[in-house]
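Single chain ahead, written as structure tokens, the form predicted alone.
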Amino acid sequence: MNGQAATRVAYRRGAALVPSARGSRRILAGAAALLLFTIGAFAPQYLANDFLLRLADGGLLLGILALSIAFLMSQAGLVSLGAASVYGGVGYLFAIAMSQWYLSPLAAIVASMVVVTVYAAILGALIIRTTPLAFMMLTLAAGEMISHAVLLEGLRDYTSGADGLVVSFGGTLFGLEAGDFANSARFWPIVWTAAWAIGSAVWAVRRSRLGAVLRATRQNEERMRFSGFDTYGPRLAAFVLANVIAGACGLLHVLNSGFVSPESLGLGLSTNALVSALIGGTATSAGPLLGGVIFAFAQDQFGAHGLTQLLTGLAIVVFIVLFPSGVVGAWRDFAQWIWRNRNREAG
């Protein structure tokens, strides 16, 4: 009896140590994330020149747009080719709201995001039940309609046609003037913070019940319906969320560049974001963000040799063949392999 009692006590102590160990790991992970966030927000301003910061700003913006595409791909199994239409469209809405509707910058942001959300909800309600291929083509068609609409002569007074719109505002927005957003060093902490906030939100959704339902629906929608789950609402919510992320990214872009043109609505930007997501990996929040930065710097280097399209195509093939789960996915798989080998040797 004494031996059995001692065994039970030891077991209980061991079980009690498991949550404690997990709690310690979470605290360490949180501290490491906070340290990385702080270093990343301020160190580049002192270590990088203006040119590199501008590339990093653009790369991280592309990464946020890629994250909106990757989220929909990994959770719902749907590929959207209309992300750029929301990205650029919200910039046009922001500019028009200030110049034509005479709204303050903050009110213009709210109005443009409300319009984007309503647009995404209506479009999603119409196309979310289609097959993945039809969904991809319909988002492409919707995006192309918006990109051509800004070129219509009847809307030229609002959109300036092919010339684009210069976007500026008086006063301050969140305590910052228009010039502060255009300054690459001052804009970096803003886009870095936005990337962390949006990435954390996507991470939370992935781990939520909504994320679990989306993944199960992606694997077998018919079984989920027969099990009594609503498959329409979660997929519509995911589509709206992806477009809200793309819209928020578009607002950051227009605040930074002070300009919006039809090029920001085009298919080329959507495909660049899709490629960035594949390079970094779609299964995590960090993957598309890193992929956007890699793509931006790679484009700069390829352009310096005058072979942008050729080298970009070769690089995409190499990345997809060697790293089918993306750079972050490959690193995670390698780390898990090292961990399994260590456990095997210890055992």
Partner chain sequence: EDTIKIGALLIDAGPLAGLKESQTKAINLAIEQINAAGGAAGKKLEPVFITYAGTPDTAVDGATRAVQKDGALFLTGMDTSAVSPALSAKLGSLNALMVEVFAQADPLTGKGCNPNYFRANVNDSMLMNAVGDFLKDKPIKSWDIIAVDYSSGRDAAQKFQALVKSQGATVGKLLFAPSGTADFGAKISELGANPSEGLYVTIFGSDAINLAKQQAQFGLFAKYKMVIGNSFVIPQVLPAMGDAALDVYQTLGFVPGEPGAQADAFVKAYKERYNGEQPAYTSADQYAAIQLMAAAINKANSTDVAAVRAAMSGLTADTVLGPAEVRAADHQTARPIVMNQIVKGPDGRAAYEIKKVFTGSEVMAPVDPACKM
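Predicted, not measured: the structure shown is a model, and the values here were computed from it. Residue numbers count along the first chain shown, from 1.
There is another form of this protein, the form predicted in complex with its partner chain, and it is not shown here; the text below is about that form.
Taking the partner from elsewhere, residue 161 is found to have a heavy atom lying within 4.5 Å of its partner chain in the model of the complex.
Remark: residue 117 does not count among the residues lining its partner chain in the model of the complex, judged by a heavy atom distance of 4.5 Å or less. Residue contact check for residue 207: none of its heavy atoms lie within 4.5 Å of its partner chain in the model of the complex.
The closest non-hydrogen atom of residue 99 lies beyond 4.5 Å of its partner chain in the model of the complex.
The contact residue chosen from 47, 35, 307, 27 relative to its partner chain in the model of the complex is 307, the criterion being a non-hydrogen atom within 4.5 angstroms. With its partner chain left out of view, the stretch that reaches within 4.5 Å of it through heavy atoms in the model of the complex is, among 190 to 198, 169 to 177, 101 to 109, 249 to 257, 249 to 257.
Contacts of stretch 36 to 63 with its partner chain in the model of the complex, defined by any heavy atom lying within 4.5 Å, are made by 50, 51, 54, listed in sequence order.
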